[in-house]
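Just the one chain here, laid out as structure tokens, in the form predicted alone.
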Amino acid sequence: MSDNLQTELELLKQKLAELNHAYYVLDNPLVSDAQYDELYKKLLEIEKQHPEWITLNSPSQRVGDKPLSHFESVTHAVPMFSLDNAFSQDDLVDFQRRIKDRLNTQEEVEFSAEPKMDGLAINIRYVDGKLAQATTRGDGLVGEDVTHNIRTLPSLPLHLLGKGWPHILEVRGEVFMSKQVFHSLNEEFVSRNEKPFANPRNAAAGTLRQLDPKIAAQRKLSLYLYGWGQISEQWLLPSTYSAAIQTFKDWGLPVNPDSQVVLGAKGMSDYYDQLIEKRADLPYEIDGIVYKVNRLDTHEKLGFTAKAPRWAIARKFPAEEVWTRLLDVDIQVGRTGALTPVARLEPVSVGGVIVSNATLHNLDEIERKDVRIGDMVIVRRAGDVIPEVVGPVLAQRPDSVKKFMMPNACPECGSAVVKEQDKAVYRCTGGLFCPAQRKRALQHFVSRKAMDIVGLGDKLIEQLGALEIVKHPDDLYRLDVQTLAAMDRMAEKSAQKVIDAINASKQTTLARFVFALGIPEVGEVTAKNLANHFLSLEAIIAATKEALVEVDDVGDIVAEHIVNFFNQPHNKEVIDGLLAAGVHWPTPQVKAIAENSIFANKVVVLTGSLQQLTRSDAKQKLEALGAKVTGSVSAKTDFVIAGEKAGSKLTKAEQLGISVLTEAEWIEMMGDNNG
């Protein structure tokens, strides 16, 4: 009796799998909903009587009982490559030409063409026909295990249909949310006063990253396959990509019904025209088309570049544009202190996404485009690119528009804002004080090559910053064991180690201290050069721009950054706090100067490509002879050594009448000192 019942259970599983495939994949229901429910109810009754017969491939097991605590990382057996992009028909013509050249043929190439789904790439592994694992793309090499959520997709078979499948089969595809499901989900969120998803892709991503599979099951994700990863070697693929996809379809796997096989550049163009015309009517979002060479033996011949296959390309659809009102311009201060103007817009839908903010890039762009507050503006969004303001609709410009002005003071901390020389960037000068730069400033300050405070990792810095316990680097030296021990994942012993490391960092070097301040473009080498040149912090702080450019590796722009940094009272307050906390260093040792050298105490600039020596070797030789090697040409420069393809520095030297030497002339002048 039990054998008959177990046989009935297996037949029910097979029947329900076939009905699911017909309903969700083929869109061709074979029975009524009531009839399906009756079969499903019978399956549940048998499994209730015999729970030992329940297997993972049962329709009743699509949704697990328990949420996960975290996602596990999985290394892909075969990397998941990205695709190169084409943005015009000419790009596709070039794509086919490159293929013909590599294959040494004049025949038109056959391509498989399919919609480029706007979703998330997934790798699904079957072992002996049973769904074993599903992994996100991640970085292409390592993804996250989301099997618990992928199992909830009704269109995906838990056990492959038919027969003849290999022992191991990895299929790849795109998980997405249909437009209808997306709109219904957002309506539900709005009714509960919850923030809706911005677009179907974000909704699918948010669903796939749920730890509780019950949530994923409720949101009804979909999937279309577009390729494969690892397949058992003994199983032979068909000769073409389209035939392989058809084989997967025969096994019950969902494939895109709008895919076609086309011939040559003309076929790719015709398919593009067809799909872009029906794009708005498709039940899902797409952002382009993927073309793949159909013959699989050609895939092997063409191979891969470092990041993408040579036999496939993605034709992107043109950017979508809409008009809306520019209400105001806000300023965002980035981690490096750069000020970025952001357009605040009347909310508008662009390519299925509600947009209320868009980038304006910088002040130069705003002035170039003549965008003004109050304008009707054109907003563009292309794929996942941040929306941008293309320009104003001048025909609809009201009289009340206002020009945007970059603030003189940082909106976050009130420090002075300066424009970087020869750049469009405006930057807050309060690097040690500004809240927007706090995290980056602290991470840099404690780093190994700076103050080297072991144990103060990113997460601990985030906690201390979020709780306003540490706002500036000098606050670190006021921490105690009790405060640190109260932080997440900290205990008294580990807190004591951090305090010990903080106290140990008080004994440092001037070069390390200057580097730790995080002055823009002042790296480890430049900080060392500043310390060796000026010998004291007071001298560096007091140095003029003219004095700073005499230092090796310090040009006009770096000198300006240094002056601006030390002119900011907030930064000086933090530095005073660090010194008061006991941070100190010995005076740097002065190098002996070769007084008998023609280059002793001379200011020398190297420019262009040297042939006999590397730039580093040349610099060392000059410094050994007492020269000061600087990065920019000024009236105080004594010699410019010009290699091949010397540029603006050579021109400036000639204008100032500075002595210019070729590499050969310089080596000859070094004479006996060239050792």
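All of these numbers come straight from a predicted model, not from anything done at the bench. Each residue number is its position in the shown sequence, starting from 1.
In what follows, reference is made to the form predicted together with ligand IVH, a form of this protein that is not presented.
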{"query": "Steric status of site, ligand IVH superimposed as seen in the predicted bound form, threshold 2.4 angstroms to backbone or C-beta", "finding": "open"}
{"query": "Stretch from 328-336, 481-489, 440-448, 107-115 whose residues place a heavy atom within 4.5 Å of ligand IVH in the predicted bound form", "finding": "107-115"}
{"query": "Contact assignment for ligand IVH in the predicted bound form, among Trp323, Phe81, Phe71, Trp235, heavy atom within 4.5 Å", "finding": "Phe81"}
{"query": "Single option in Val350, Val290, Ile378, Ala86 placed near ligand IVH in the predicted bound form, where near means a heavy atom within 4.5 Å", "finding": "Val290"}
{"query": "Residue contact check: Arg137 to ligand IVH in the predicted bound form, 4.5 Å heavy atom", "finding": "yes"}
{"query": "Contact test in the predicted bound form: Ala265 vs ligand IVH, heavy atoms, 4.5 Å", "finding": "no"}
{"query": "Proximity of Pro309 to ligand IVH in the predicted bound form, heavy atoms at 4.5 Å", "finding": "yes"}
{"query": "Contact flag, Leu460 vs ligand IVH in the predicted bound form, heavy atom cut 4.5 Å", "finding": "no"}
